[in-house]
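Shown here is one chain on its own, the form predicted alone, set out as C-alpha cells.
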C-alpha cells in the first residue's frame, strides 16, 4: 500500500478513492494525523481516473469574484441560533433545501467523536451539521452520494471547506449540476483528526467519562469567543478553559495540513456558489451581535437567486463592502503564513507526549499573552469583557459622527 501522490499537494478530499472503479484506495491517517488516500498497487489497473478526479492534479473548478458581501442573522429562531456558531447562514441554506425535498451534505460527529461528512434528508437531522468543527473531516462516499442524488433529479446542497468543494466539482465532471448548490466555508486551515482524537482521549481520561458531544463555539455566554463545551455521557457539560481548551490553538499556530500552506482558495475569489463564515469586527448593536453574525459571500448567479428567493424572508440581511470583508476575515482570504519551523518536531512529539505536556511545551509558549489570559479567565468574564469592548467601539463610532 502506497500513497498516491505528493502529500504536500493532496487536500485529502478522497475524490480519487471515490471514483476508483476497483476500490483499490483507502483513506488512512498519515504520520501527521491527516487523512490521505493510500492505493494498493497490486489492485490498481492504472486507468487514470483518480488523477482526473484530483482537484490538485486536474483542477476543473472555477473561482468567482463575489457579487455581494452580506451580514446575515436568522430571524425569529433563537433556539437554532444558539446551536449555530455564527448567524445561522449555513442552517438557513440547509433548511430551505430540505423543505424543497432536497438533501444536504455536511460535517458531523460520529459516536466515537470523529468528524465525517454525511447526508441529511430531513429537518431533524440538520442539528448534527450545526456548529463549526475545526478538524479535517472524512468525506466517506459523499461525492458518490451527491452525484447519485443529482442524477435522481434532487436538489443538493454540499457544505465544506473550499478544497472539498473543489474536489466535488472535479469529481462530478460532466454530471448535470443545475440542482447543485455549494457553500464553501471561510477556512484558516485544517487541524489534524489524529491530534483531535488524542485530545478527546485526554479529556475523557481527565473527566473519567465518555464525550458524547463537543462544541467548539458554545454560545452559553454569548457570541464572539471560542468557548469550548464538552458534554459527557449526554448529560454533564463542561466549559473548557485554560490548557484544557488548547486544541483549537493548533489552527492559529500553523499546525495544519501541508496543503494549507499553499492553498489556492485563500483569497477573495471563491469556489462555492455561496461562502459562509463569521463576521468579525463589524460594529452592530450588542443585542444583534450576541445572536451571532454570519458573513455571506454571494459568488454566482445561482447563489444570488437562491438567497433572494429563500433566505431574504427568514434572515436579517445587510449589504456590506469588500473592505468590511477584509476587516473581518483577512486571515481567511490571504495566503497562510509559513509552516512553523518545529512542524515535524511537534507532530513527532504529539505521539509521545501527554496532551498537557504537549500543550506546555509547544502550544502555550507560542500563543500570545492575551490569548493565554483570556483562556484562563472564566467564560462569563470574557463575555463581559467582549460586550464592554463592543460598546466602547460603538460609542466611539457614534461620537465620531
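This structure is a prediction, so every number in the text was calculated from the model and none was measured. Residue numbers count along the first chain shown, from 1.
There is also a form predicted together with a small molecule; it is not shown, and the following applies to it.
Contact annotation: of the candidates 159, 71, 97, 307, the single residue with a non-hydrogen atom within 4.5 angstroms of the small molecule in the predicted bound form is 159. The contact residue chosen from 259, 299, 294, 245 relative to the small molecule in the predicted bound form is 294, the criterion being a non-hydrogen atom within 4.5 angstroms.
A residue is said to contact a partner when one of its heavy atoms sits within 4.5 Å of a partner heavy atom; residue 251 meets this definition for the small molecule in the predicted bound form. Contact check for residue 166: no non-hydrogen atom falls within 4.5 Å of the small molecule in the predicted bound form. Although the partner is absent from this view, residue 263 stays clear of the small molecule in the predicted bound form, with no non-hydrogen atom inside 4.5 angstroms. In the predicted bound form, none of the heavy atoms of residue 125 sits within 4.5 Å of a heavy atom of the small molecule. The candidate site formed by 131, 135 and 217 is fully in contact with the small molecule in the predicted bound form, as each residue has a non-hydrogen atom within 4.5 angstroms of it. Per the 4.5 Å heavy atom criterion, the small molecule in the predicted bound form is contacted by stretch 81 to 89, the sole one of 282 to 290, 232 to 240, 81 to 89, 167 to 175.
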